[in-house]
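Just one chain is shown here, as structure tokens, and it is the form predicted on its own.
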């Protein structure tokens, strides 16, 4: 049972989840390459995982594949020599994927102005792969002015032109509206699963929900919709009783992703993870984007500026991210917050002192942990969480 789309439709939720796990933990991008080979004129764009306008690529006849790093099964043999030692794992493993030929079938690679390493990764890729189309999206830094939406609308249209040169298909307004509608459906299903996770966490674990969402990094949105729909049906049929666990929300893992076994270890230590910011690039809008807008490029830009989840790499002085974290903890009736940051992730680490002050002021217990992609032993983290949980349950 290698890929979810080869299943016959009557599989259990557990079988769907484990098939997604197998797909996301298998090195390479076999599903995306198969999609490209199915029809002439198709192309693949590898997108860095936060705030990618996936609809623009879809409308141009491309599959937007989320580059979420190499995980803990990839040995970094070449990329270390291109970066300083204090750079996050996902930047190194994404370059390593290119240098070991894993991205050879990709027609374009897309990076964003989310942080200094991501900025630099774009130019390092350009230098090492001069024949590869490398695109860079500049996000506006002053979101409180009308020009921000105008600027980003232009950026998205510019990227659309660049991608259409690879496929011969410029995204018309109608095509883009159709792509927005499809991805709205993906995100609505993910929101529904996350709502169940918060309301009845004994029915769906984070260890199960995570691969269901991450599978969408690797396949066409229509396939993801089918898998999420079947998974949702399975979750709704589940019963079971809540256990005496700490309800926790997790923050800080919006870009580089923790190993799946680390997520499981946190839950095994006595937590219900009732909300998180894993894979935020697949679900970063609060609500549907306007799929009937006269200017769909502008609708996408406005959704980013005014309707996207605030994480440490979105520079928005109109809101306080620490106050938003406290509000999120209260909305999910959380007993505690787990701040789980990637090692050397400067935006997340700079944000943490503000989080800590706000959580202490709100009298919400929290614990701070760091992780790396290449982690493969989790006993220490599990012990730290267990101690934290016990201090809450038996206080």
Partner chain sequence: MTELQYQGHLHQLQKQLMANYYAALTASAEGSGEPAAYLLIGGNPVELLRAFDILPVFPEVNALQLAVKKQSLPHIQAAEFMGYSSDNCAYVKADIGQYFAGRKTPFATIPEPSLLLCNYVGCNVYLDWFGHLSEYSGCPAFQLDIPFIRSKSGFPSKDDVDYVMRQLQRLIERCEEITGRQLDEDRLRECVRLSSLTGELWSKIKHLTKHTPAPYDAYFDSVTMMAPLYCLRGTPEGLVFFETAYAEMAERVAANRGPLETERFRYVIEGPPPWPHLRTFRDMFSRWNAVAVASTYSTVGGLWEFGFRHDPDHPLESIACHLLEWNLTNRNFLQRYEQIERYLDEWHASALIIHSVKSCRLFSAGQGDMREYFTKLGVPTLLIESDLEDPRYFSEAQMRTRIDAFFESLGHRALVQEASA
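Numbering follows the first chain given and starts at 1. All of these numbers come straight from a predicted model, not from anything done at the bench.
Same protein, other form: the form predicted in complex with its partner chain, not shown, and the subject of what follows.
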*Counting non-hydrogen atoms within 4.5 angstroms of its partner chain in the model of the complex, say which of 237, 172, 123, 292 makes the cut.*
123
*in the model of the complex, the one of 367, 354, 326, 30 near its partner chain [non-hydrogen atom within 4.5 angstroms]*: 354
*Just one of 283-291, 127-135, 221-229, 258-266 has heavy atoms within 4.5 Å of its partner chain in the model of the complex; which?*
127-135
_Under a 4.5 Å heavy atom criterion, is residue 335 part of the interface with its partner chain in the model of the complex?_
no
*Is there any non-hydrogen atom of residue 142 lying within 4.5 Å of its partner chain in the model of the complex?*
yes
*Is residue 42 close to its partner chain in the model of the complex, meaning a heavy atom pair under 4.5 Å apart or at it?*
no
*Tell me, yes or no, whether residue 114 is in contact with its partner chain in the model of the complex, where a contact means a heavy atom of each within 4.5 Å.*
yes
*Would 146, 151 and 350 all count as contacting its partner chain in the model of the complex, using a 4.5 Å heavy atom cut-off?*
yes
*Within 327-349, which residues come within 4.5 Å of its partner chain in the model of the complex, counting heavy atoms only?*
343, 344, 346, 347, 349
